[in-house]
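Before any questions on how it binds or moves, here is one chain, the form predicted alone, in structure tokens.
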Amino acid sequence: MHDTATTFLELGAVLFVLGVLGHLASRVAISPIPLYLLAGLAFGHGGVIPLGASEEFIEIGAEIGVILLLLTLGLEYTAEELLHGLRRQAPAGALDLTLNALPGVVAALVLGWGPLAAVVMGGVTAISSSGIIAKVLGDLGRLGNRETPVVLSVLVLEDLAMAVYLPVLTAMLAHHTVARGSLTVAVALGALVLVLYIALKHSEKVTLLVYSARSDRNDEVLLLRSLGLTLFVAGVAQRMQVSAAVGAFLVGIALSGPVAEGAREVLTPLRDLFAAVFFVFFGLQTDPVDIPPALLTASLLAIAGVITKVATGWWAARRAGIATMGRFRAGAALVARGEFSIVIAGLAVAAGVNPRLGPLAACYVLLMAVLGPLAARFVEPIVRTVRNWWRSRRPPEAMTPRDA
């Protein structure tokens, strides 16, 4: 009885504080994500008010939050748009993974941690946070922007790459044989192809599992069936060594027509609740004591990570024929790192790769999770300011009609 009461007290306090922080963020016109992360830092181990009884519930809620964020993002697009984007942005995805893995690989080798740690750190710095980016795009009202499908394609390509990377990394950390590692990768890829095929070719049948046009709309039934199907597919995907977020995203892609709009309406409040819990849990995983020793290296990696992600997004948007401001918005949107980076670092720490790897990854992710939403929010005024400054320094005779 006491434990239940304590859980209710802690959850009530956390949610109320999040509500206050969300109100504060809306007053100053920024994303609430950085404030949620800092709240998690304050509530975590070593924080101002450490939580105990409710931490397990928050962990489960955080996983549901990522799944709902990716589901609602998938509901914005059709299977045809996804396939077209993946085909067109494959070179951008390859560039993205190469450019953004490089800083992590170099850092691990310079620090003398060895090749296995280099493989781990490459994954930590390479993969953007689909959950944070989905939330930021929704908060800023950019889901309908021209550059958003480009961002989405890059994120999906990253998640597909993770379907190969994670089984390989797991096999390396466990010192499995090449044959066993190859089997794990084959199972993961097979499951991914199957889910993608169903989403692309049988979306009408998936839709019928959630809603029938012949019956009156019932929001309760729609909520239960869409959420249940999503969690089930996410669970199957994770059991097959594929990202649960990818499974949820593909369910969103598979749902089409009026049911997609209805599912988005009924799921949005639930998504916002669990998404906030996800960002708090992010902060809970970081002990403030571990931050100062890793801050310098993490800051250098963060600077490199901002530059490489902006460059990737800019180039990908340019290939899609998007104007200059949209290119910078695409690059800034990709900056945030998050759930995948923590998962990768957690696997390495559990395997005993290097005791300093965990704090460095946590500090890096926390910095990037804060910088990502801020970069997305302020990229436009920064670009305009720099552009105006540059024009003011050019002599009138050197200006083109476009500069005028």
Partner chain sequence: MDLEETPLPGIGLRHDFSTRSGRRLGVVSRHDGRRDLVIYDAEDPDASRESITLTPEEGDVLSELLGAPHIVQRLADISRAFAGLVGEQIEIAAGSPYADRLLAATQARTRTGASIVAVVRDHQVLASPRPDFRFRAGDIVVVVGTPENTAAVGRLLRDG
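Numbering follows the first chain given and starts at 1. Only the largest set of C-alpha atoms that superpose within 1.5 Å between the two forms is called the rigid core. What you see is a predicted model, and the numbers here were worked out from it, not measured in a lab.
There is another form of the same protein, the form predicted together with the partner chain; it is not shown, and what comes next is about it.
Heavy atoms within 4.5 Å of the partner chain in the predicted bound form are found in one stretch of 232 to 240, 302 to 310, 201 to 209, 142 to 150, which is 142 to 150. Put simply, residue 224 is far from the partner chain in the predicted bound form: not one heavy atom of it is within 4.5 Å. The shortest heavy atom separation between residue 318 and the partner chain in the predicted bound form exceeds 4.5 Å. Looking at residue 261, you'd find a heavy atom of it within 4.5 angstroms of the partner chain in the predicted bound form. Residue 102 falls outside the set of residues with a heavy atom inside 4.5 Å of the partner chain in the predicted bound form. The listed set 296, 323, 110, 186 contains one residue whose heavy atoms approach the partner chain in the predicted bound form to within 4.5 Å, identified as 323.
Though the partner chain is absent from this view, in the predicted bound form it lies within 4.5 Å of a heavy atom of just one residue from 156, 284, 97, 119, which is 156. In the core-superposed comparison between this form and the one not shown, residue 299 has its Cα shifted by less than 2 Å.
Core-aligned CA deviation for residue 324 between this form and the one not shown: less than 2 Å.
In the predicted bound form, the Cα atoms of residue 157 and residue 261 sit 3 Å or more nearer to each other than they do here. Inter-residue distance, residue 157 to residue 260 (Cα): reduced by at least 3 Å in the predicted bound form versus the depicted form.
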